[in-house]
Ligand code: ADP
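Starting off, we have a lone chain in the form predicted alone, written out as structure tokens.
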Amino acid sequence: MLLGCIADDLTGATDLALMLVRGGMRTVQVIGVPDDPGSLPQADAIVVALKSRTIPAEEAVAQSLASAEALLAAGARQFFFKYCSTFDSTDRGNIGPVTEALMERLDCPFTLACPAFPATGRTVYLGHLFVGNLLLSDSPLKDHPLTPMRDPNLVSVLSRQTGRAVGLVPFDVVDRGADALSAAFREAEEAGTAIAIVDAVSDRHLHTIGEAAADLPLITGGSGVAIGLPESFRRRGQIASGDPVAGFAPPGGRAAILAGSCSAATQEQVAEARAAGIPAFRVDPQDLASGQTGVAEVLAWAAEQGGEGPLLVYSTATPETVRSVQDRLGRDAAGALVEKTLAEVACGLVEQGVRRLIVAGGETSGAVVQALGVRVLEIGPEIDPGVPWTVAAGAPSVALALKSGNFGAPDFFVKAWDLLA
């Protein structure tokens, strides 16, 4: 194994696996801390998908270190800690605490942090994170129900999460190429910087970062940074040529969409799907809490739907509606109720014969795969930047598209099925 990866949520892990596959690396995604390192599949890269983004920092550190131990035992030569391209976290973590713990375990005195993913509009300039042409603090992420991001200065954000010195490698250095960036890394480490935020506004910068970071024991960032890693391994003759997704064979069967994210992107996707005539059932958390609506009602509705096209079950709502629900039910209770319901709906749909599922939202995706008992995902073709189709190993086999709430074009729910024809 060349690269051992630890991702703090499921959709981010799938996104990272896709980046590596696109670069020619044989990549397998496993769900949860591996129980037995000896049972890990043979691959150039293993991506461990955790659900650690919003849990207590101590638990996130423990799960991440346990995953690192399994990957070390399986022979990983380099490590990648993957978090969201919008740096989703709180002032207590979990990006800083996990990075610190991994640095200590891997005896790594210096690493980088770069959530940039230009293909999805996430760029870092002078240490500030942009979403499209907006600062992170002006984007819809300021209203995220679990991790509202209201400070775009990543040096500032990360410094509040770690006791290690955080610095910046600015755009003009990155733009000069890998040699200049490698020199900047050495200078930063000699000056006492432990974690350097690295600017990137284009894929060329991500390739530069990948080349300059080739010898770092640990890299941290969004999945975009992984774009440059396969080429580093290829230059060393460590990965073979060929198409890693050749032979991808999704199962046939009914199709469904489960949307738990309330991001602006998912709101658009739900609206487009409904406008296209996809049958839709809205799950209201307050109705769930009162018992007015439950899993049985959703599944009964699904069983009545005819035709060969997909159906949509969604809890997606505007930020104002989300806040109102949270005020009544509590922030964590509202989210957990929706996740549990959609996970049970997923299991019921599979029992009804659904074999192709799109799941929108990182927390929702994690709940769904856990409920379905999925442990290993085979990575398939890309639907939109950062979102591939996958196939879950086991019986019954299910095709899954696990989408971060913020990812995908407005027509994502409508067009994704064409790749499975």
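Keep in mind the model is a prediction, meaning the values are calculated, not measured. We number the residues from 1 along the sequence you see.
Below: the form predicted together with ligand ADP, not depicted.
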Query - Candidate site 195, 197 and 218: all three near ligand ADP in the model of the complex by heavy atom within 4.5 Å - result: no
Query raised in the report: Might residue 263 be said to contact ligand ADP in the model of the complex, defining contact as any heavy atom within 4.5 Å?
Result: yes
Query raised in the report: Quick one: is residue 206 in contact with ligand ADP in the model of the complex, heavy atoms, 4.5 Å cut-off?
Result: no
Query - Distance check, residue 111 to ligand ADP in the model of the complex, heavy atom within 4.5 Å - result: no
Query raised in the report: residue 322: heavy atom within 4.5 Å of ligand ADP in the model of the complex?
Result: yes
Query raised in the report: So which of 50-58, 356-364, 380-388, 28-36 is the stretch with heavy atoms within 4.5 Å of ligand ADP in the model of the complex?
Result: 356-364
Requested in this report: Taking 4.5 Å between heavy atoms as the contact cutoff, choose which of 350, 317, 101, 141 touches ligand ADP in the model of the complex.
Outcome: 317
Report task. Tell me, out of 222, 335, 230, 244, which residue has a non-hydrogen atom within 4.5 angstroms of ligand ADP in the model of the complex. Result -> 335
Query raised in the report: What residues, if any, in 283-310 have a non-hydrogen atom within 4.5 angstroms of ligand ADP in the model of the complex?
Result: 285
